[in-house]
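Presented below, as structure tokens, is a lone chain in the form predicted alone.
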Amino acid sequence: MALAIRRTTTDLFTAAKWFARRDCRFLSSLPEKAEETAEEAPKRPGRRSSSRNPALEFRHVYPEFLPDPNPKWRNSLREKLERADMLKRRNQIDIPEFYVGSILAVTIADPHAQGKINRFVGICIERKGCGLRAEFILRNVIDHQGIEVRYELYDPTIQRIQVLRLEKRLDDKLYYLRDALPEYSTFPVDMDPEILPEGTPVPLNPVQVKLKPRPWLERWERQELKGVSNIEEHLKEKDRVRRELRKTPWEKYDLMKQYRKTIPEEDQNEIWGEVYNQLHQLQITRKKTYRKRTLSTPKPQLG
């Protein structure tokens, strides 16, 4: 009992110090932002505005480089070795920037497929995991049948990952596309890539999908979803009452819960300092490659 109380006290003290450091850093940065004039603001590049602090940019572009915040799964030696393997893999294959909601085409080596390769096009509905366990799911509707494929990001059988449309969605996960109308998950397998001009911010797609009538795979009405438009149309009064009873508005004030889901900034700076040079060089190489490509390849006309 005494040991449990001591551990809880230690966690509270550590969390208090973390939030105090964060608030001090925030307050110390206010004068610098206040001195910025309106003429200087547009000069910043749209997509790389946080280049002065790599951690602010890389934690969104390369989330798998950050370890699991749960101390039970932390091991500094294993994490360091995994980051080295991830960088070696990125030197062999171009793993582009993408987010949940982006449309990708993944080509893998498949000994049972014609030509020994298999290519799948779909929308990314989930991206999770850290280190070599990072993975993502693509979804597409082909011949009126919803198909989902889960890929490991650093799987050696992956030959190419191509971003056909780079964009974000309103929610962090798009599982509700499984219960949505098929047109929201249907993409042509021969879709041409849409290349954004350099410096363009990642577009946010504000589309709101329409769900099919119940039953659903999950109780979407109990989740705070921004990308669904017609949940209320399919609810009964008892569903609304149960939703209100299961709300937990106090969790946004739970500092310990936020602390346990966050990697301390000191650890982030150490990680990005270790991998920044190689990732930055890979970004430069990718930009040079994109400049050499044409916006779209003309299709042969049948005459």
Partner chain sequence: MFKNLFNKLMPAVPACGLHTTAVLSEVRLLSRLRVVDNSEIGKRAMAEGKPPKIICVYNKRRVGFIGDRVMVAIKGQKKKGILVGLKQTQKVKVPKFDSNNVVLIDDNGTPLGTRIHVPVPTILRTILKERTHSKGADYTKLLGIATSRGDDMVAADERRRGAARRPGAPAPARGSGTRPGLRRPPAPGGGGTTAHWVCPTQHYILSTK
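Numbering follows the first chain given and starts at 1. Owing to the predicted nature of the structure, the values given are computational and were not obtained by experimental measurement.
Here the subject shifts to the form predicted together with the partner chain, a form of this protein not shown in this document.
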Quiz item: Would Gln145 count as a contact of the partner chain in the predicted complex, using a 4.5 angstroms cut-off between non-hydrogen atoms?
Solution: yes
Quiz item: Counting only non-hydrogen atoms and a 4.5 angstroms cut-off, does Val149 reach the partner chain in the predicted complex?
Solution: yes
Quiz item: Is Gln223 a contact residue for the partner chain in the predicted complex, using a 4.5 Å heavy atom cut-off?
Solution: no
Exercise. Give a yes/no on whether Val207 approaches the partner chain to within 4.5 Å in the predicted complex, heavy atoms considered.
Key: no
Self-check item: The unique member of Thr200, Thr157, Ser76, Gln92 whose heavy atoms fall within 4.5 Å of the partner chain in the predicted complex
Solution: Thr157
Quiz prompt | Position in contact with the partner chain when the complex is considered in the predicted complex, options Leu181, Ile117, Leu196, Cys130, heavy atoms within 4.5 Å | solution = Ile117
Quiz item: So which stretch, 108-116, 78-86, 227-235, 92-100, is the one near the partner chain in the predicted complex (non-hydrogen atoms, 4.5 Å)?
Solution: 108-116
Practice problem: Can you tell me which bits of 171-205 touch the partner chain in the predicted complex, meaning any heavy atom within 4.5 Å? | Solution: Arg178, Val189, Asp190, Met191, Asp192, Pro193, Ile195
